[in-house]
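There is one chain below, alone, in structure tokens, taken in the form predicted alone.
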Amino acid sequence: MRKHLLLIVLLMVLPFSAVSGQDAAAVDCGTTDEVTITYVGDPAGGHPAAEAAAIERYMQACPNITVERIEGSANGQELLSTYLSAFEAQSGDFDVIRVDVIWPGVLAPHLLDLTPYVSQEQIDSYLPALVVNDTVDGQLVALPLRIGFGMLYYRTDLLEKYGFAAPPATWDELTEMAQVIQDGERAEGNAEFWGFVWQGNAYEGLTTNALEWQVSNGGGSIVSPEGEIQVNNPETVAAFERAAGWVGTISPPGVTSYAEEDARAMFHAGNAAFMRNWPFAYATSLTSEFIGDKFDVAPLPAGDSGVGAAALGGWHIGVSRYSEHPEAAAAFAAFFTSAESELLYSIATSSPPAVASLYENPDLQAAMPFARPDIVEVTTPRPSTVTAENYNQVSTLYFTAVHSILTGEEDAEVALELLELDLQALLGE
């Protein structure tokens, strides 16, 4: 663990050329003019330092380019709304933006086709599934930066303390183990300890959690690639009833208002045995005062289907069609998502990269032993492609229905019957 920390620190502070081997003179700046471009970056809870380091390396290589970083909203729906409002007005306020893995379809009309600006060699370096994800009507509207997938974080010291030899393989095992550990820790005086924390607020994060429960229980995948609505079935009902049973037992009553940072804060404070979160939480967990050397990660548990599921996440980089400096903006996007930059960024943030060859890099493997190149092929995508411009509404209907089940406002069977009807009306079935 401590070796990983030292590696992260060194990679953050060393000059670009010292760690990447890339000649600054070889960096394509897009233009020789003195220009300023804006980049909508991570919020404070994300990775602003890693982004700032990448921007600094780029400006060192391209002294004629100034990149101004704007902090984006931590709420994905708010960020998307901000983009769409600006783009509908054809505003040039944003040159380069972060694009959620589920947004290429809805943002494609407003994003530059990057194919003419990026070498085919670089395009071919990315995991193929991500290039497919970012290609809309034959146009490459974003470049993959990092991938994400749901993971189970667990306290190794507490599993050993209570006699568990391995992390839970099923949700039922997790429920049992979390209860045993929670009861034991509370008996020793920690009244604030809980067994399992996750993302239960009514937002996109709940869509990913609920999708993992549904798929792992054999309930389908909201909307299948063929367009079949798959929410109203006994397997999905059982999955959501199980999750609702966690609220107030092994999970805090307030978990229904938790996002990623809320779960991470409780886990980092030493007040949770298990946490569902994304890979980005790995690096910050290493630096936690309470759990830095007392945790590990595992695949999310399986449901009644016998197979686990991990929602596919991640962020990509796009360039606005309305940018006044498209060449410089595209050059920065290509630089930020190059193999050299992704190696530094990934190790600093514990975010698996989009460049396939980097998974063979020993420094990356040391920093992220859980990362493997085939992970994107075995994750569960949200139905953003098949529902296209309707995805935001699909997700909102889905997480709203799930939230009503978790809070006890609605019976699971009734909520899913109503959800099915709402999706049929929206999607035209």
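Residues carry their position along the shown sequence, with the first being 1. Being a predicted model, the structure only gives us computed values, none of them experimental.
Although not depicted, the form predicted in complex with a small molecule is the subject of the following passage.
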Open item on the list: At 4.5 Å between heavy atoms, only one of the stretches 119 to 127, 331 to 339, 273 to 281, 89 to 97 reaches the small molecule in the predicted complex; which one is it?
Closed with: 273 to 281
Task: Contacting member of Pro252, Gly318, Pro352, Gly205, with respect to the small molecule in the predicted complex [4.5 Å, heavy atom] - done: Gly205
Task: Candidate from Gly303, Gly195, Gly314, Pro104 lying within 4.5 Å of the small molecule in the predicted complex - any heavy atom - done: Gly314
Open item on the list: If we define contact as a non-hydrogen atom of the residue within 4.5 angstroms of the partner, is Arg382 a contact of the small molecule in the predicted complex?
Closed with: yes
Open item on the list: Residue-level question: is Glu327 within 4.5 Å of the small molecule in the predicted complex, judged on heavy atoms?
Closed with: no
Task: Any non-hydrogen atom of Glu260 within 4.5 angstroms of the small molecule in the predicted complex - done: yes
